[in-house]
Structure formats: C-alpha cells, structure tokens
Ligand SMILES: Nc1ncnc2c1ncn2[C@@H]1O[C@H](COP(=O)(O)OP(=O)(O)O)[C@@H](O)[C@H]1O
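For reference, the chain that follows is the form predicted on its own, supplied as structure tokens.
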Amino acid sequence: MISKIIRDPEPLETFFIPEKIIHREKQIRDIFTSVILPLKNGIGSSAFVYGQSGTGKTATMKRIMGSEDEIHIFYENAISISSFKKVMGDLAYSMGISIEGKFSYESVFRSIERIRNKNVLLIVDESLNLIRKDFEGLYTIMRAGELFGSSIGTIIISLDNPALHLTAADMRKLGVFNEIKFDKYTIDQLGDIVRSRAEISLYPGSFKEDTIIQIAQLCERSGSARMAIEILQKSAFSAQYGGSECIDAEDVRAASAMINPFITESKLMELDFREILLLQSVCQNLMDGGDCTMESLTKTFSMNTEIHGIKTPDTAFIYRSIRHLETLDIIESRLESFGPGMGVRKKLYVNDVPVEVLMEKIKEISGRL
C-alpha cells in the first residue's frame, strides 16, 4: 500500500523557485544595489556572481526574474556556448531583432538601444569557460556603455571567482565591477531550507525534526541546498512507496546513496582541457598505485599533455589548477609526514566518488571539448 507522504511534489524538484530565497537576503540586496537599481535609473552596471553548486545562485536569479516586470531580463546558460557574441545574438533574438549572417557587437547594442521599451538585464550563467575562451567578448559586454553608449546591465555567474582566472592586465582592462559571493550554506541554514520544503510539500506528521537534522548533516560538507532537497525528495518517495507513515533514517540513507553530491557535469564543464588532463592524471595515479603525490602527478601529467600534443604547463599552472579542483570539491589534498624532522609530502585524493566513475565522466566531457 502506498502511504500518504507527499502532498505536493513540485517543491521537491530542484528547479522549484520558492517565494522567498531564505539565507540569501544579503546577496539579493547586493544584486539590487549594484545592478538592478542603477539599471532602473538608466545606468548599466556589471557584477560577477560566483559560488559552489547548490548555493542558490540560479534560484536567486530566477526569483529576481520573476519579480521585475519593469526590466527585460534575458537569461542564458553558457555551458556549451563558445562566444559572447552568440549570447548577444540570442539576446537580440529574444527582443525580436532579426540578425542574419555575420554581425558586429556595435550593430547589436545599437539595435537594442533603438528598439527597447524597457531597461535590459543580461544574465549569463555557468560562464567560466566562456570567460577563459573569449575575454575580449567579456570586455566588450562589460564596457558596452563606454564603447557603444549602451545601458544594458550584466550579471556573469560561475562556480569559481572569474577574477582568479584573469590576468592582472585583464582586470585593469575590465575596470570597475561588483563581485557577489554565494557562500556554502551552513548546517543550520541547510536545516532551515529542508524544513521549509518539507512543510510545503509533505503531509503533517510524515517527517520528524531528526530527519531534517540528518539530511542537513549529510550535506554539511558540500553546503549544497540542491543536494539536501534532492535527498529529501528521494527519502519521501522511498517512504511513500515503502508503505511507511513517516520518513525514517533508513529512507534518508538510501536516498543519499542514490545521488552523487559533488561531481557534477557542470563542475567538470567549468574546467579547460588542460585541467581535465590534470584531473585525469590524478585518477590514473590513484588507479595504478593507490597514491597520487605531486611528483607522480607531474610525471603522468607530462605524459598526457605530450600524447595530446600540448606543451606541458609549468608548476605554477599545476598548483593553480589543483587549487581550482579543490575549490570545486572534486579533489582534496593532504600533507603526509615522513616522521619527526623528516619533512612532509602532499597527496591528492578524489572526493566522494569512485575513481572509475570519475574517469568515465572525464572521458564523456573530453569528447565534447
């Protein structure tokens, strides 16, 4: 017999946008102060928005999109887009501007300024690869006010801080912009988010506070609300189809085992090909010998870049890429001591997913790059 657990399944979907994005009041205020309010006064302003997967970036943007009728807001997921000019072409199309063949940035911006009856906000999500591939396009969009007299507002969203992937000269060229960080949710914040979703989606009495705490604890390390909501959803379905009257700890454990909390396709798509090769080299060392030290990683990485006809990047690139992979929670590093006064060495590990599974994901991603 199927139990009565789920009252409304929609709030259990990760795409559901609640009326209020809790624990993101500061970020919403910063976005309004730095981009929305200037735009309403005819001033184009830009912001970099960044933070880990599941920290509320996209949900916040979608809530803003649903609340601002006075602004024409165009949202683009750029994970598979190769140039900012393509983004501008899509924006123009959304406004009914016909563009055929080759076109210039100037023609698009001037066409938008000529026909628009609302202020325009461009939101570009999952954009880190695009930033690295097309800095000149980024510069053109963010400085469009000076270049073309455009008052379009721009929000650029990514998992990692884009400024860390630009040179000092690039940063000076971009000029003044705003940075808004979405931190990982704390365990208490995750509990509030799960509790809120449970209250609007599940029948009273079908979940306990212990369940909320258990889910929050499982997601503490990732700080991901998306992961927490997905565990709640799968726990609820497990209890409902198992005939239980209430979600229990075993339902939560089963739900947690079904999902892959940290290694997502969007994270891997944020990496450039050299970083993918570096991650592949980490996996190969772990699969071959069980350990991945900096020495063994450098050797394997050198062989992999040679196979692909790429000049082996210097040590600074390797350390910078390791930091990026750690920021994305794909790998972690630990220092291992040789003994008192004998020094230490760094070892690298893959987080929370079998190395073989990660290697398969790398092969899939590599085929698309």
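Residue indices: 1-based, along the sequence shown. Just so we're clear, the structure is a prediction, and the values are computed from it rather than from any experiment.
A second form of this protein, the form predicted in complex with the named molecule, is not displayed here; the remarks below concern that form.
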Among 30-38, 64-72, 45-53, 319-327, which stretch has residues with heavy atoms no more than 4.5 Å from the named molecule in the model of the complex? 45-53
Can I21 be called a contact residue for the named molecule in the model of the complex at 4.5 Å between heavy atoms? yes
Determine whether any heavy atom of R226 comes within 4.5 Å of a heavy atom of the named molecule in the model of the complex, and answer yes or no. yes
I'd like to know whether Y349 contacts the named molecule in the model of the complex, with contact meaning heavy atoms within 4.5 angstroms. no
Can any non-hydrogen atom of A59 be found within 4.5 angstroms of the named molecule in the model of the complex? yes
Can you work out whether the named molecule is within 4.5 angstroms of a heavy atom in all three of I112, T140 and F148 in the model of the complex? no
To verify the annotation, which of these, H165, K267, K85, R197, has a non-hydrogen atom within 4.5 Å of the named molecule in the model of the complex? R197
Could you spot which one of I193, V252, V282, I155 gets a heavy atom to within 4.5 Å of the named molecule in the model of the complex? I193
